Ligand SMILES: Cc1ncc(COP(=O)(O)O)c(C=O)c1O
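First, one chain by itself: the form predicted alone, in structure tokens.
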């Protein structure tokens, strides 16, 4: 009998329980969660102290409106969070997820410039990027497939290039690529009008849109310098890369970047609570003052803060940021060894426990497959049959073509479990190669 859920897929199994890196469905099938859902679960499934912290706060007081009360747990969370955030004098605005965090940061950027007497409204994003599915976040995103149905509602943002080192088009690669991207960013700003551009939004490591593409070392210093010179705020979207996912507390730390605004989510609540964070530097916060006309019903939620605080402390006490760096290096090494001769694997890349595997029809030219073959979907399904959960990242070559999967397991994954992830993914790819007639269709 048909149910009443507006589902996100057909014929989905029903989950029964989860613990650590394992998920079990109601038929008793066990899955190794190599994607943390959507790279969400950081501290692992079934962590008792996180559940207890949320329940204890809910029993004390579940909800008050953020304009009427603050709470001790919210103040404590923001204080402890400030110690790990790569933002000067950080001021945190908690919301209910990554899309809301990006919407909030965009409004903060607009409010900042208005407070300074400047009517700046244009935001620069990057091609192939993904920042969320609400309209403002989708507008600054650059994934054509996701934007296409809603194009009549979009168009305020403009877009510049994104580093794809294995597909870099610049002469002289790998030398000077960061400077060339910075030139393209500056040209984009100048075309839009430097007195009209409010912010530049980018992920430190490209996530779902490009399956963990890592920028060249000279990229971030060059683009930040362009932004500073034109008075454009730098917004680091750390929704996917933050809270240890890339082997440091936040992805922009590895790039030496101190952004004006930062967004976070996913591992912040690790799936125990829908938590997102928009973080402003003290200078941005103080400039805005009372000028931010914005709010959500569930922002500044006490139970969300209690959950986030418990996750933060668990990450710190169990040194899971270091674990992500070490297990991530192991994952990259083993994947590259296992897939080195696979005729369809064009690139294995990433940082920490955020790793992408891209499929190509021709390894020498990196020619992608015809998207009509739906290889990403078939690989995800094949991995699931082997008890492995991975995350799809189709369209990573040019926005339409380019099959890939992302791996982003909970940071508690063991060395033995990493080896098992590699074995099962390798077997899924081998099966796909044998059973598919795609090799001659490009």
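Residue numbers count along the first chain shown, from 1. Just so it is clear, the structure is predicted and the values come from calculations on it, not from any experiment.
What follows is about the form predicted together with the named molecule, which we do not show.
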With a 4.5 Å heavy atom cut-off, would you call residue 203 a contact of the named molecule in the model of the complex?
-> yes
Exercise: residue 98 in contact with the named molecule in the model of the complex, heavy atom 4.5 Å = yes
Considering only heavy atoms, tell me if residue 130 and the named molecule come within 4.5 Å of each other in the model of the complex.
-> yes
Taking heavy atoms and a 4.5 Å cut-off, does residue 102 contact the named molecule in the model of the complex?
-> yes
Since the chain is shown here on its own, which stretch among 233-241, 310-318, 172-180, 77-85 would lie within 4.5 Å of the named molecule in the model of the complex, judged by heavy atoms?
-> 233-241
Contact residue in the model of the complex, from 245, 126, 301, 266 (heavy atom within 4.5 Å of the named molecule) | 266
When the named molecule is considered in the model of the complex, the residues of 318-342 having a heavy atom within 4.5 Å of it are none
